[in-house]
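Taking the form predicted alone, here's one chain by itself in structure tokens.
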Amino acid sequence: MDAKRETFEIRLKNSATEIEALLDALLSPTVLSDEIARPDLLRNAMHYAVLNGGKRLRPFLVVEAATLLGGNRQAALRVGAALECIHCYSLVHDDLPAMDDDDLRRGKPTVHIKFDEATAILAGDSLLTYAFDIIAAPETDLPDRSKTELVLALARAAGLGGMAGGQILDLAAEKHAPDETGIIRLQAMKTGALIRFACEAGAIIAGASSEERQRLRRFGEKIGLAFQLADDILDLTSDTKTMGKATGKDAARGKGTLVALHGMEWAEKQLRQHVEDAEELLHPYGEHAAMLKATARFIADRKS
């Protein structure tokens, strides 16, 4: 392992540790002002959902993008924690019997298996709501304008025209396989939108120019495409033990993927192209963007 790769992996691990400590604190039994109570069952299910392992890649992107542009790191950690709440809520709901009907997530029982379906639904609902609480709270040390921009961008990335919309397109794909354009749209919404937000959020936190915000947004779009393509490759080449969740399900359900349409050789070539395009977008920042460039390569090379 070369020194740069080792530095990236250590930094990713350390960032995950910070995010997990913050999430643990945010989901403590302590009742906040204007809250009435924190029911133990619901809080425990939320805690289980967000502290059940994971690389914490999306929060890492928020922090590194903000760092690149000189943003407030502590604020970036809180925005990253909010984004992780959104991501984990989506996993809780995706795993439900009415959706993907999965029993395993990160090698452990899914929330509806560990608790029950009603609790899993409410845990997801509460994590979604809490994300916006975290951003808006006075503890997130950002100007009100920045908070408004973050809330708007996250709502657009997570809702009807983003992740949630992508999930319904994904369910529809089980009955009618989409064409290439449809697959790209579905993946950009379901997976890419939150990754795009993570990178753009760093620019918003830093109060960067609209040009820099758009550059980081495009970088997020490129690595979002790479992430989903790598995921589709892993779904065909990896196993349940390595992935920590069921594999081969897309093929079994007849869902179309770009790998199925074009083949593995094309997919691997395209994956490399997405990474090159992403790195090229960061060229103006030179070595200051080393961590974000390493993240793009990590997304393409990951094994789970």
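Note that the structure is a prediction, hence the values are computed from the model and not measured. The numbering used is simple: start at 1 and walk along the sequence shown.
In what follows, reference is made to the form predicted together with a small molecule, a form of this protein that is not presented.
- Judged by heavy atoms within 4.5 Å of the small molecule in the model of the complex, the contact stretch among the candidates 136-144, 223-231, 174-182, 209-217 is 223-231.
- The closest heavy atom approach of residue 149 to the small molecule in the model of the complex falls outside 4.5 Å.
- Of the heavy atoms in residue 84, some are within 4.5 Å of the small molecule in the model of the complex.
- By the criterion of a heavy atom within 4.5 Å, residue 77 is excluded from the residues contacting the small molecule in the model of the complex.
- Proximity of residue 55 to the small molecule in the model of the complex: non-hydrogen atoms within 4.5 Å are present.
- Scanning 120, 127, 163, 203 against the small molecule in the model of the complex with a 4.5 Å heavy atom cut-off leaves one residue, 163.
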